[in-house]
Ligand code: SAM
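Presented below, as structure tokens, is a lone chain in the form predicted on its own.
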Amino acid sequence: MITVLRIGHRPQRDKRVTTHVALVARAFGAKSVLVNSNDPKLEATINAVSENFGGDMEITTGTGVFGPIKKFEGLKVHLTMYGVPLSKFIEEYEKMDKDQDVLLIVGAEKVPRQVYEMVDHNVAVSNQPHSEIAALALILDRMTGGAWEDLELSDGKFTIIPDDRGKNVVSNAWVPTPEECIKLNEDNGVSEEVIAHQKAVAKLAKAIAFALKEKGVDIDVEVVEAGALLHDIGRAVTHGPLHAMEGAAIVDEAGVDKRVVACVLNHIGAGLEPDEARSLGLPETEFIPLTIEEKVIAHSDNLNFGKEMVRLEQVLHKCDEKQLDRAAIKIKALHEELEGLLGTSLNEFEVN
């Protein structure tokens, strides 16, 4: 396993260069990047790249300089223009145990003298001033024998397809078909009654989504249908408020598109504020439907009692019986928002 230690990083001055050091490390097969200075924004940037394009490389900032070197068990290599030529080092490296872990140290500003003395090798990719990014890429290429060309990084949202004439990027997100949604419910032990309810919600949600699309609203009908057919999958675990979180975890674990996961997570009522979530035994955070897909699913669920579509007045009456005044206000507001987009009454959607 190869780890890259970036030292001398100054968050305000070296942000772009250190980002590229980390990106090169990731693209050429390193499994970990350590950065001496604390930089949460850098961590977020690199983690976002891995989320979008795959891979499990870890990045940790705020490690300091000497601690990681002292603790590291394996081959320690410092990249410096004052070191031995890369070709000479590679000759020696070819004779070494390839199973040993490697720490590659890349400096930014002046490197402390102790670093030169703490490592096994000081290596130069040209004894001339140049970019540490280029040096890191070259040594990783030589040490791995060009294995980066066949490197496949899994679990990303997107895959780049090589194209000589343009940008060819495909989405890896899985939006399950209705049949796949039902099977996912069945495989997780969801009852027939709950599945029937989800089908009724999906029928209404899909009708609303198509109508919104005809009105020029940017809405993904497939995401709406999948989210509606999976919104109560968490009832296989519990019928309490936690079923939304449990369901989101099940769907996420299955590798389903994050937009569908969000629909499952945020479908209760017209959303929960942090204090409402806490009172229901949920984490003290927002569970609010934000996208149009989430809103359509949440309100289609509000308008279905079991398998039967009901009118807003019935929903508000039920809220009144349970003294859910805040929920009633938000549900009414969501109802009016959707009717405003549709330009018609939701009572027109007789889909049962």
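All values derive from a computational prediction rather than experimental measurement. When you see a residue number, it is the position in the sequence shown, counting from 1.
Only in words, not in the display: the form predicted together with the named molecule, which the text now covers.
*Asks:* Just to confirm, with a 4.5 Å cut-off on non-hydrogen atoms, which of V194, M118, V217, A124 contacts the named molecule in the model of the complex?
*Replies:* Filtering the options by heavy-atom distance leaves A124.
*Asks:* Considering the named molecule in the model of the complex, which of E132, E225, D257, E276 comes within 4.5 Å of it through any heavy atom?
*Replies:* Contact check passes for E132.
*Asks:* Could you confirm whether L230 comes within 4.5 Å of the named molecule in the model of the complex, counting heavy atoms only?
*Replies:* Although the named molecule is absent here, L230 would stay clear of it in the model of the complex, with no heavy atoms inside 4.5 Å.
*Asks:* Is it the case that G107, even though its partner is missing from this view, gets within 4.5 Å of the named molecule in the model of the complex, heavy atoms only?
*Replies:* Yes - in the model of the complex, heavy atoms of G107 and the named molecule come within 4.5 Å of each other.
*Asks:* Considering non-hydrogen atoms and a 4.5 Å limit, does the named molecule approach T80 in the model of the complex?
*Replies:* T80: contacts the named molecule in the model of the complex.
*Asks:* Is V111 near the named molecule? Define near as a heavy atom within 4.5 Å, in the model of the complex.
*Replies:* Taking the distances in the model of the complex, the answer for V111 is yes, it comes within 4.5 Å of the named molecule.
*Asks:* Can you check 99-107, 264-272, 235-243, 171-179 and let me know which stretch has heavy atoms within 4.5 Å of the named molecule in the model of the complex?
*Replies:* Stretch with heavy atoms near the partner: 99-107.
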